[in-house]
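The chain below stands alone and is given as structure tokens, in the form predicted alone.
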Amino acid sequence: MTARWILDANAFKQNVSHVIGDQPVMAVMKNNAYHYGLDFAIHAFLEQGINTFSTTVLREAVRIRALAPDAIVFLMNPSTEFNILHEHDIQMTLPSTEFYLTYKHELAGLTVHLEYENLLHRSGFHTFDEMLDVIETNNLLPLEDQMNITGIWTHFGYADEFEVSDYDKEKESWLKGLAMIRHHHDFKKIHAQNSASFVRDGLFPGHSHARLGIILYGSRPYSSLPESITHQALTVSANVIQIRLLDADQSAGYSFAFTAVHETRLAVVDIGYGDGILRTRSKHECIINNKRYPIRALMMSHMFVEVDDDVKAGDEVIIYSNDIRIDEMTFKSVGANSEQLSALNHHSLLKEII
């Protein structure tokens, strides 16, 4: 018996179609497509009409180009490997005046998107005036020495926060600055909205794309949304390998991993944190035979689950599925949606796409 990572390809593609409707979308592919795999995800997105992709790592951008020769590929982190960017026709963020002045000659002929830092303060120009200065400086250069400034973008760091007004502030700052700078430059690609912003507001007027990540992969960006907004196509499961009967005060596992308060029927399951199950996941339930049972301890390769007489050796144990979703665990403080996905160990789990 082996713990499994199983992806329903048709369910994944149906969810993508359900999420995007007829809206133009840039699919975020970072971290190997949220750990779903670039090869699978690119083909699935192309089938659903998405032909614009973004990632944070140049080698992923190069792989995306190989899988999607006619697509737009956007690198959200700056790179100084300009020959590779040119060779593979990869568009790149321009994060600051300093970066532009340092690499002005190397940027010639490269297609860039100006980045506004907004309230996230992670990367990007501080002001739209700074971006305008770069545009004007670039326009004064001989044509062959100019960058191709085709896009402008930002990221909303607070779109999933409802107890504070920061999302309204960052949205207002972005839209006001964008309206100003568009009087001076014609941007073909304008993208700002992540999954949370897109669900809250729909695609902003004048924007070319919503830049969606986690919702395409089956998780809600915030807890007040109904589960029907997106569907999880991924199942992570294992098996009961043995049933142990513990008396009250008897312990099992390393360092007293679990100590029975009363006579307890304990299922030993062949999955653990070595397979990428976060330790905080063990504070919550799993599903066996369509019923939820409490996880009692998590070890490197095993898990203890308190069960009743209906559970026997060989039964399948569901850690994640559309019935016990990753986003449900996120809202119970197990870890961010992407954190749980990224942790899963594709070397130890049996990986299957059906």
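Throughout, we count residues from 1 along the sequence that is shown. Bear in mind that the values here come from a model prediction, so they are computed numbers and not experimental data.
Just so you know, the form predicted together with a small molecule exists too; it's not on screen, but the next bit is about it.
Trainee: Please run the contact check for residue 124 against the small molecule in the predicted complex: heavy atoms, 4.5 angstroms, yes or no?
Mentor: Output for residue 124 is no: heavy atoms all beyond 4.5 Å of the small molecule.
Trainee: Report yes if any heavy atom of residue 194 sits within 4.5 Å of a heavy atom of the small molecule in the predicted complex; otherwise report no.
Mentor: Flag for residue 194 set to yes.
Trainee: Could you tell me if residue 171 has a non-hydrogen atom within 4.5 Å of the small molecule in the predicted complex?
Mentor: Contact with the small molecule, no.
Trainee: Please check if residue 276 has a heavy atom lying within 4.5 Å of any heavy atom of the small molecule in the predicted complex.
Mentor: Output for residue 276 is no: heavy atoms all beyond 4.5 Å of the small molecule.
Trainee: Exactly one stretch in 235 to 243, 210 to 218, 276 to 284, 134 to 142 has heavy atoms within 4.5 Å of the small molecule in the predicted complex; which is it?
Mentor: Stretch 210 to 218 is the one.
Trainee: What is the one choice in 44, 298, 28, 311 with a heavy atom within 4.5 Å of the small molecule in the predicted complex?
Mentor: Of the candidates 44, 298, 28, 311, 28 is the one lying within 4.5 Å of the small molecule in the predicted complex.
Trainee: Would you kindly say which of 76, 147, 90, 266 lies with a heavy atom within 4.5 Å of the small molecule in the predicted complex?
Mentor: After the contact test, the surviving option is 76.
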